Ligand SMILES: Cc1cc2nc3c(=O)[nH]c(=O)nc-3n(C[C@H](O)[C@H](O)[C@H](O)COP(=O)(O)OP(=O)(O)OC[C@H]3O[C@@H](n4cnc5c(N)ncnc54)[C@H](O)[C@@H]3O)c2cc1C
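Before any questions on binding or motion, here is one chain by itself as C-alpha cells, the form predicted on its own.
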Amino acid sequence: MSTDTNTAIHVAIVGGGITGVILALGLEKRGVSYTLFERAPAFTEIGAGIGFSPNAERALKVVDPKVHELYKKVTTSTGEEEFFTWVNGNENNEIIASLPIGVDAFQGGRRSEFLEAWSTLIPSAKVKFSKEIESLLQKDDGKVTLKFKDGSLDEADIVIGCDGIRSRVRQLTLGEANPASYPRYSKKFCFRALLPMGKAREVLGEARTLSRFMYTGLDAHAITYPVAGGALLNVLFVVTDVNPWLLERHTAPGTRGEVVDLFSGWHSSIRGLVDLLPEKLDKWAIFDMYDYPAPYYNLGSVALAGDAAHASGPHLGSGAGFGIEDGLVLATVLKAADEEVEARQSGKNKTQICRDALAAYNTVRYDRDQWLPGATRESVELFHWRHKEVGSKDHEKFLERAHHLFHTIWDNDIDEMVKTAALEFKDVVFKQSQPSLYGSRISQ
C-alpha cells in the first residue's frame, strides 16, 4: 500500500505527441505535478497536415485558454461559412454532397507547427527527451517505476501512455502476447504531401482550394485543404489494398508513378493534382485498433490515452480531437484526485485515490473512444463507394450517413463531459469497494 510520504500526486506522461502535450498543458494549468517523457530529442510529429474538428477546438478552450489562443495563431481564418464538400472525382468532378461546418470551426495546419507553439507553454524542467520506455513496475508502495532503454529509472504515482499507435505502454498494460496490444492493417494505405498553392490552383481552380474537399471514387479517395496560411495545399490520396502489409514499419518508399497508375482512370483534375506530387514520397499504411480493441484503458496506476488507447484511421479527421478530449478528462480527474489526496475526505490512501481517478477516466471515455475506429472504417467504405446501404449513386443516403458520423463527433458537449468526469470520480472515490482492474504489477 502507499506510504503517502507526500501529499501531491506526480504524473508521468509517456509520449510527447499531441495527446501527451495537451495532457501536460491541462495539468500545468491545474497545478498538478507531472513529467513528460519523449523518446525523440525534441518535440516532433510525423505527418504533413492535420485538422481539428469543432469538438476538439471547444476542448482546447477548456484545457487552457492560452492553448486555444496559440491554436488560433497557427491556423488561418477564412471568415466565412465552411463546408465539407464531396466530389465525384472518379467520373465527372461534380459535387455530390455538402455538409456545413461553421465559420473557422474545422481548421488545420502542419502538425509540427501546433506542437512547436504549444510546447512553449511547458516548462523545460518538466520535459525529458530521448527517453524511450522499456518497462514499468507497479510497486507495493503504490509508486510506478519507469525504466527507459538508456538504463535510467524514474518514478511516479500515475503513468499515462500517450505513446501512439505502436504504444509500448499498451503492450505492458495489456500483455505482450495479447493481440490487443498491437494495431492491425486496415487494408488502406495513403500518400500525402504539401503542394504549392499556386500550382494547385492552376489545376483545381481557386474555389476548390479555399476549404476542405474530398474526391470520392471506387476503392479510393483524395482529400485537399489549405494550410500554412494558405501558402500550401495539404493533399491525401487513400487507396483500398487487397494485400497484406508485410513490413514492420508503417511506411514504405513510394513514387509519384504509383499514384499516377492508381488514379489513371480518374477525372483530369485529380490526375493533374497527382502530377504535382514530388517524384519520391512515402507510402503510409493505415493501421488501427479496430480488430482487437483494448478491453480497458486503466490497470492499477497506469492508463492509456489517444492513439495508444483507440487508434483509428484519418478518414473522419478526429483522431487528434479524441486525444484532446482524453487529455482534458484526465486533467479533470487528476486535479480532483490531487485535491482529494490532500483533503482525504474519502478516507482512502493516495494509491487508491489515484487508481479511482483512472477508473473514472476509463468509464467516461471508453464507449465514445471505442466507437471511433469502427465509425472510421465505415466512413472510408462510404467514400470508396463500398458502403452496403449507400453504394455509389444514392447521394441523399451518402449525405445522411456522413452527417450522422461527423455530427456524432462534432456535437460532443465538452462542458458536460468535464462535469461528468468530475462526478464520476466522486462516485468512485467515495465507494467503499475499489474498482476492478486494480492489478498491482504489469509486464516488465
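We number the residues from 1 along the sequence you see. All values derive from a computational prediction rather than experimental measurement.
The form predicted in complex with the ligand is left out here; the points below concern that form.
Worksheet item: Which one, Ile133, Val127, Met197, Val144, lies within 4.5 Å of the ligand in the predicted complex by heavy atoms?
Response: Answer to the contact question: Ile133.
Item to complete: Would you kindly say which of Thr173, Thr332, Ser318, Ser186 lies with a heavy atom within 4.5 Å of the ligand in the predicted complex?
Response: By the 4.5 Å criterion, the partner-contacting residue is Ser318.
Discussion item. Among the candidate stretches 163-171, 345-353, 261-269, 91-99, which one is within 4.5 Å of the ligand in the predicted complex when only heavy atoms are counted?
Written reply: This holds for exactly one stretch, 163-171.
Fill in: Close approach of Ile50 to the ligand in the predicted complex, 4.5 Å, heavy atom
Looking in the predicted complex, residue contacts with the ligand include Ile50, since a heavy atom lies within 4.5 Å.
Discussion item. Whether Val14 contacts the ligand in the predicted complex should be assessed with a 4.5 Å heavy atom distance threshold; does it?
Written reply: Yes.
Practice prompt. Evaluate Ile18 for contact with the ligand in the predicted complex, applying a 4.5 angstroms cut-off between non-hydrogen atoms, and reply yes or no.
Written response: Yes - in the predicted complex, heavy atoms of Ile18 and the ligand come within 4.5 Å of each other.
Worksheet item: Does any heavy atom of Leu236 come within 4.5 Å of a heavy atom of the ligand in the predicted complex?
Response: Leu236: yes, in contact with the ligand in the predicted complex.
Worksheet item: Considering only 207-232, what residues come within 4.5 Å of the ligand in the predicted complex, judged by heavy atoms?
Response: Just Tyr225.
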